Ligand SMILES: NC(=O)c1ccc[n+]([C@@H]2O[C@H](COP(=O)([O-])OP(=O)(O)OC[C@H]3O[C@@H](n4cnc5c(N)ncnc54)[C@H](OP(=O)(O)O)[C@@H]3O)[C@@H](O)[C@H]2O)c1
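Next up is one chain by itself, shown in structure tokens, the form predicted alone.
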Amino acid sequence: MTNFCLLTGASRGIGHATVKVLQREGWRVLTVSRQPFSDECRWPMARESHIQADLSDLSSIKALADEVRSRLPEGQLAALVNNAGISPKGPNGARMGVSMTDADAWSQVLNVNLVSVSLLVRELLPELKAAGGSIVNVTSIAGSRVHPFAGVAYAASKAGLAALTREFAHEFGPLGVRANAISPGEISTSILSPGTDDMVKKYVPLRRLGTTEEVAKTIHFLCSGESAYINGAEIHINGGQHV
């Protein structure tokens, strides 16, 4: 039987790489993003597997889950990768601290990065339970320390997502559903902030950016049976930046 994975935030970066790794390992991946299907997603069955949804609209989560259910031939979801996330910037890409972040920005970031995750897991728990599935949440190094580029709402949402991962692990472990997180640091993507290279040279012991492939392989490990006794963990993927 083919393992099905639902992955949010698949249109670029870590999500993009994760789809390719999972497919290479024989998984069928359903993707979600707020954008229509992108022609840059040139992997098998990409267009047919894409679902457009805005995770900031919490009222749309049930419809998204219903659509996912309709695409699971055996009613089983082997993995749910919560990768979607937003990090708004101020003028000229400025970091948005407390004084720059209004109520609308807080609501949008928390809805996408945290609340929608809990509601989507809640909706798809029967399918995850049926498969003995795995939840993988993508947090961030910004969730555990002040970051020069990530804003306050993003940081708080990722800290909350780490806590939510522990709650999932505690509550759903008895059901046979595991939950873990990965916490990336500075990863080479198309949306790196200016000054990242200098920061890497100063604060990352390995003295290089991580690759999306390296992150994707760790996500696959947590989705697979090779990590069967790992539950409630947050794996740092940052070249030692957190030490």
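From a predicted model like this one, the values you see are computed outputs, not experimental measurements. Heads up: residue numbers just count along the shown sequence, starting at 1.
Although not depicted, the form predicted in complex with the named molecule is the subject of the following passage.
Would you mind picking out the stretch of 23-31, 66-74, 48-56, 171-179 that comes within 4.5 angstroms of the named molecule in the predicted bound form, counting non-hydrogen atoms? Result for this chain: 48-56.
Flag this candidate site as yes only if Leu6, Val115 and Leu119 all have a heavy atom within 4.5 Å of the named molecule in the predicted bound form; otherwise mark no. Not a single residue of the candidate spot has a heavy atom within 4.5 Å of the named molecule in the predicted bound form.
Which pick from Ala155, Ala131, Ala84, Leu125 sits with a heavy atom within 4.5 Å of the named molecule in the predicted bound form? By the 4.5 Å heavy-atom cutoff, the listed residue in contact is Ala84.
Would you please decide whether Ala10 lies within 4.5 angstroms of the named molecule in the predicted bound form, comparing each non-hydrogen atom pair? Yes.
Although the partner isn't part of this model, could you tell me whether Ala78 comes within 4.5 Å of the named molecule in the predicted bound form, counting any heavy atom of the residue? Ala78: no, not in contact with the named molecule in the predicted bound form.
Please check if Val138 has a heavy atom lying within 4.5 Å of any heavy atom of the named molecule in the predicted bound form. Val138 belongs to the contact set for the named molecule.
My question is simply whether Thr189 lines the interface with the named molecule in the predicted bound form - judged by any non-hydrogen atom within 4.5 Å. Contact with the named molecule, yes.
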